[in-house]
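A lone chain, given as structure tokens: the form predicted alone.
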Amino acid sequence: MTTPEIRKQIAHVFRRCGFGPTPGAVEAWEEHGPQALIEELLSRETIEYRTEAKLYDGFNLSDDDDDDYKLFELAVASIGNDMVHGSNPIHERMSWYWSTHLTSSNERADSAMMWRQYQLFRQHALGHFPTLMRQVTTDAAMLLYLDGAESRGTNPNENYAREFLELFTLGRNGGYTEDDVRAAARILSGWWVDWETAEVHYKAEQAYTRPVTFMGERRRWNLDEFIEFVCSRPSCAQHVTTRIYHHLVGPDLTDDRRDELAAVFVANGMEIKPLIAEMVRGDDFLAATHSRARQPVEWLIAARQALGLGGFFDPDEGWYLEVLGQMPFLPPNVAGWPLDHRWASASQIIARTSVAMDWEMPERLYDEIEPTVDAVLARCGIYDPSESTQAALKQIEADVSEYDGRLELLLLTAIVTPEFTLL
């Protein structure tokens, strides 16, 4: 491969197995190549778990409503900074992924519960899928969001059972019926959340403990047996594989490739990391450059890194994501945020431009980057610019002097180009 092609693929690996290359990272890996980078990222194990004491550091909680909003801002900034500074980019990428697959909302749970749920995703991001499902099923935020809390065996709420089967595990065509949804709701009944402590309790007297027929099998189910049974269905491996593939690789998943990846998932006992490893080692992964649009969170992190702004943002700057239309902990619905090209629309590009223009570039940037098209493209991880992008940037280079803000204009233009907008 040519040097530009190698750099293009390395940048692609950084974008998909994390949130984008830091300045100079692509060039540092050029002699090793994209496959070596993939293996290096897969080999990383260490993450730093967050404690609530660290989240609350310097913040005195009280009972007023403003405190929950302040805590929300802190929680959003905390997860964003982990995405930027985490030692294991794949782990942080998958932690974010699970928050978009197993959605809950701050509209139904408080900010501390949402932050704890995100730490649950960080803990199990690359681990055992049935264990992750077991933990999230009795997570306080999830129980409140999908009405699992206080669901009674005599009058079960079906919301979580339906989404558990349709969105989280088996998919819409997963082989279950409406009767199975109703049966699952009975199996999942009996849980309760203490709002004061966020502790979750199981009350057997409020559960349904008699035999239930679910997907053709009648027995007295406990929660662990139910989770294992659902996760062992072939449609579960296929559905989860498809969802992750669309996030990490792109929309063009063939049935043969899906079945191949699902078989790896099953053969490894539904462990997530071997599935991810098989996925990102595939030729289809490296070929899928710019196959979907960057969502606002993905764009914000990459853009701020390119502009030398380092961290995600300060807690009081959360309005950026509100303007862009993707606020963590506040998904539009239980299906999460779409992965389609709405994030590359004209209105989104205008919003991104307005956000970027509010940022103050650090003084050191003027020493680190020459005000040239090639230097700016490399800084932004763009190694395959189209002719139209090149022409637009070259026009800026020709028309704007260095002393009139050429570097700033080149950078702001680069981070809203199609090449930067598409992941």
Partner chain sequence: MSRTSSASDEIQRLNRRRFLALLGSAGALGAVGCSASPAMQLGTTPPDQQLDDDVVRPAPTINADRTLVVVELQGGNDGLAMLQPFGDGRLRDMRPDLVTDDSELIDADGNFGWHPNLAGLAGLGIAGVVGVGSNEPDFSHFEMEQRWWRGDSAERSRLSTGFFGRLCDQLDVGAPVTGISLSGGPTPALLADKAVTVGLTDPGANWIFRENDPWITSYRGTVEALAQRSASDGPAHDAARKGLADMTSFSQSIAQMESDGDERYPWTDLGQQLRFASEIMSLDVGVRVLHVRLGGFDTHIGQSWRHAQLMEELNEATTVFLDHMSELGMADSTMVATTSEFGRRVEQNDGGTDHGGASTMLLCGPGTNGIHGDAPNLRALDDGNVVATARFEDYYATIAEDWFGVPAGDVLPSGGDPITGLLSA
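Since we're looking at a predicted model, the values are computed, not measured. Numbering follows the first chain given and starts at 1.
One more form of this protein exists, namely the form predicted in complex with its partner chain; it is left out here, but the text below deals with it.
Proximity to its partner chain in the predicted complex, taken as a non-hydrogen atom within 4.5 angstroms, holds for one residue of 257, 116, 124, 162, which is 162.
The single contact residue among 263, 198, 330, 167, judged by any heavy atom lying within 4.5 Å of its partner chain in the predicted complex, is 167. Contact check at 4.5 Å (heavy atoms) against its partner chain in the predicted complex: all three of 158, 404 and 416 pass. Contact between residue 267 and its partner chain in the predicted complex is not found at the 4.5 Å heavy atom cutoff. Although the partner is absent from this view, residue 392 contacts its partner chain in the predicted complex, with a non-hydrogen atom inside 4.5 angstroms. Its partner chain in the predicted complex comes within 4.5 Å of a heavy atom belonging to residue 147. Its partner chain in the predicted complex is approached by residue 409, whose closest heavy atom lies within 4.5 angstroms of it. Only one segment in the set 240 to 248, 343 to 351, 219 to 227, 89 to 97 has any non-hydrogen atom within 4.5 angstroms of its partner chain in the predicted complex, and it is 343 to 351. Taking a 4.5 Å heavy atom cutoff to its partner chain in the predicted complex, the contacting residues in 319 to 337 are 323, 324, 325, 333, 334, 335.
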